[in-house]
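Okay, here we've got a single chain as structure tokens, the form predicted on its own, with questions on binding and movement later.
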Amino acid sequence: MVTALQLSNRRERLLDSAGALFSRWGFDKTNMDDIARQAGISKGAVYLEFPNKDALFKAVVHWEFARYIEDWLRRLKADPENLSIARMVQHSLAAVDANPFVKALMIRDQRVFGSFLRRDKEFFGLAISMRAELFTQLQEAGIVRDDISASTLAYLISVTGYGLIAGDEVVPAEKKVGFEEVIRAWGLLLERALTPAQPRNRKAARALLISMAEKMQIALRNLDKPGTEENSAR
């Protein structure tokens, strides 16, 4: 009998293997046979977890987003400074840059995502939704100005962050600025633009941000697991 732990380990190995192959070969050129071989499991076992490649790809997106949040949290927790918009943004972009799959997602890399993005538009929307929830909480905590809606802020941060990451693909080499300098400067600009005149308790806001990010990470890890409420409703 296959135990729950074995199923969990198989699923994680499958998601890791699929993510690596999608990043290397792209969505269109990667097939379920390749993924099964990379994961060291049978093709039938792959289909026990996911009905088709689209469903597997969506699960990989959620899995890699959770991994990105884990890296962001690690950077945030290791930062001795209290929470600021600048530091939050800098750590976020650095974590995106360190994750090839999420970075490709943010710049809508056609090599990686191929025909899938033409059929499914939800991924960029997922990032905006997560940021909108985050900005709502930070506004309530008094760390972010509240005269601009959280949804508008989430949209602006998402599209400008996309531009910063995607710009590396189109800007001539002699015009490029180092990524670390770019995110430092952008964070400082956002700090000036978004911080209220009298911000409240930054320490409490830091704890709130970490708690929210941890909840998002758990939710993303569980989003495509069999038996979850969302999957049961499908």
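What you see is a predicted model; the values in this text were computed from it and never measured. The numbering used is simple: start at 1 and walk along the sequence shown.
The form predicted together with a further copy of the same chain exists for this protein as well; it is not shown, and the discussion that follows is about that form.
Student: Applying a 4.5 Å heavy atom distance criterion, does R145 contact a further copy of the same chain in the predicted bound form?
Tutor: Yes, R145 lies within 4.5 Å of a further copy of the same chain in the predicted bound form.
Student: Consider R37 of the chain shown here, and say whether it contacts a further copy of the same chain in the predicted bound form, taking contact as heavy atoms within 4.5 Å.
Tutor: Answer no; every heavy atom of R37 is more than 4.5 Å from a further copy of the same chain in the predicted bound form.
Student: Heavy atoms within 4.5 Å of a further copy of the same chain in the predicted bound form: does A104 have any?
Tutor: The answer is no: A104 has no heavy atom within 4.5 Å of a further copy of the same chain.
Student: Can you tell me if V182 lies within 4.5 angstroms of a further copy of the same chain in the predicted bound form, counting non-hydrogen atoms only?
Tutor: Yes, contact at 4.5 Å.
Student: Pick from 27-35, 201-209, 40-48, 168-176: which stretch has a heavy atom within 4.5 Å of a further copy of the same chain in the predicted bound form?
Tutor: Answer to the contact question: 168-176.
Student: Any chance all of G125, L189 and T195 sit within 4.5 Å of a further copy of the same chain in the predicted bound form, going by non-hydrogen atoms?
Tutor: Yes.
Student: Under a 4.5 angstroms heavy atom criterion, identify the one residue in I85, L153, V96, V112 near a further copy of the same chain in the predicted bound form.
Tutor: Flagged contact: L153.
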